[in-house]
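To begin, one chain is listed below as structure tokens, in the form predicted on its own.
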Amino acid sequence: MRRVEIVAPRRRVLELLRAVHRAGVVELVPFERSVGPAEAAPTPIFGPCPDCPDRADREAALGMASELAGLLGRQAAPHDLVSRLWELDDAALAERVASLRPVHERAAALTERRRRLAAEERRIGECRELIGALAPVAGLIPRLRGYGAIAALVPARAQALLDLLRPELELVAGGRSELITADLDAQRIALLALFPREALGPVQELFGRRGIAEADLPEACAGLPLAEALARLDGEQSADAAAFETAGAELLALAEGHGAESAALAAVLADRFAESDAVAGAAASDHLVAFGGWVPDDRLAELRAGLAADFGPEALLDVRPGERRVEEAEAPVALRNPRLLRPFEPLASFLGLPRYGSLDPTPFLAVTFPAFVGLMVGDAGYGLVMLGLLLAVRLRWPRSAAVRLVVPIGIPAAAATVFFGVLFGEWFGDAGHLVFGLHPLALDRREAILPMLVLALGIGIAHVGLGLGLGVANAIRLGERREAAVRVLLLTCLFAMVALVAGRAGGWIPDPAGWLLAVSLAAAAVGLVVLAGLAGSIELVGIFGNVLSYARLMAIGLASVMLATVANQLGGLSGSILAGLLVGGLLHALNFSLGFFDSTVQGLRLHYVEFFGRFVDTGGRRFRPFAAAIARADGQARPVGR
């Protein structure tokens, strides 16, 4: 990442911003004066762009276009239309926005109408629910001239309140009232109060004191027999539903005709607005304007060529010389990974972005996290089901951001689950063995508990050791010699202890080698105390605790296979094929959910705590290029370089 200054004639400030915006490779930052004669340095521009259109007009146009795009349900703007609109000047854009004003007014009116109809439909539905519950109890109530009604819902636990309400209602209504109640469901009671109209105020006051919120019964249903009221409500609900569909069809027609244009206009106007704001960070003299920013190393030549093509010798791209430590503290970070690994970047940076110049943990997470999930679940049947579910949701919701985030991570994990399921001979537990005669190719997890524990701890030793090795490399890259030495000593202690314990237990290390390992372990431990003090000894103990944490790879896998086996056994004991499938299916579904959930959580924990804690140095600031909608659509503004 390099700090740059871009200088051009002041009269071409908007053209320069437009070119930088289109390139989408520069993160603009407030201009800072370079070392040089003070009289030759530009002075900052503060406030709005002097040559930009009126901010209020542009803000109003952007607001209308964005609101119209939202009303018409268009979130993504077509790239070809954005490209055409991006080349228009501000006057032409204003004309396009003005031409959509009648569309905006009509779309807003239709949306408001649909909102009112939906609210009315909900209200009528609540009334139907109330009256439907009360009708069997109340029977037909005759029309009583001069009588009103209040309907309400109260919690079922408020039965004692209703016992108090009856005499109070009689009192305020002058002895001419009726309170009808019916159980709506296990949690609610429906009630209908009838009383003379002149007592409406006192009755409402009574309901308010008792905390009873009255339902809004339509005026047309007041005083009607409940059966007739239901019929009238049905008619109103049908009419409202038809009007709702009619308004929706007209709104859909507007979306088909103007949705793409409104979304594209909103994107382009947002770019223009951003360009106006970006001028505040520039600096200017009487004749020159200068912008400061950060550019990835491998995009400098591309940016220089683009400026030369647009401005010729009038634009200058200057790379500022900077002291390495200052650059590392200020430079933004853009993770650069192959396409298959990019979906893992959010997981790798979840706890914080790595510092500029340090190692990116994404490639390591992308390999080991799916492997850990697959090892813990370890069932080929579950893995195939997960693959099917992931592909189904990808086809069903192709535009969903959540789906695009989860599916590329889930597919490798599901594939690893199938792989380990084949090695362990597991297909829905032991169903594969019982039905198809499948046998483990490597280990039977139900029997090989100790070998699985040894395997899990071996993975822990390798994973923690890799983290320490990467920590050494990272500290050397960042010039932190003391931290590198601490990591080397920790690595020495880890492997000396492992070799000593394993060698003595297996009897394959002779006494001289054992003594040498013991001396190395003691010397490394003393060196840790000398270099890091008490923290060094605590970290040494933590290393061995980290390794033991990997035993969860065995424990979760063992729990998963045993629950799958129990599901098959209970299904077989039911005595009925249908009942057996139901019982076994429910237990397998529970095991499937728990298995993938637990393995995901524990797999991430092993990375965040045991692995990342050994080498990831957080504190980086994400690279945010000044990229226009057209650049984002072209894919030119992808984060690159570090």
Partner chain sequence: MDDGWRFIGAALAVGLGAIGTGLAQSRIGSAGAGTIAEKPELLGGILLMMALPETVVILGFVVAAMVLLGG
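Because the structure is predicted, anything quoted here is derived from the model rather than measured. Residue numbers count along the first chain shown, from 1.
The same protein also has a form predicted together with the partner chain, omitted here; what follows describes it.
- Under a 4.5 angstroms non-hydrogen atom cutoff, the partner chain in the predicted bound form has L558 among its neighbouring residues.
- In the predicted bound form, no heavy atom of W515 sits within 4.5 Å of the partner chain.
- Remark: L288 does not count among the residues lining the partner chain in the predicted bound form, judged by a heavy atom distance of 4.5 Å or less.
- Contact check for T181: no non-hydrogen atom falls within 4.5 Å of the partner chain in the predicted bound form.
- Checking A156, I538, L164, L548 against the partner chain in the predicted bound form, a heavy atom within 4.5 Å turns up for just one residue: L548.
- Checking R552, R113, R188, H104 for any heavy atom within 4.5 Å of the partner chain in the predicted bound form turns up a single hit: R552.
- Checking 22 to 30, 603 to 611, 578 to 586, 57 to 65 against the partner chain in the predicted bound form, the stretch whose residues place heavy atoms within 4.5 Å of it is 603 to 611.
- Proximity of F350, I449 and L453 to the partner chain in the predicted bound form is complete: all three residues have a non-hydrogen atom within 4.5 angstroms.
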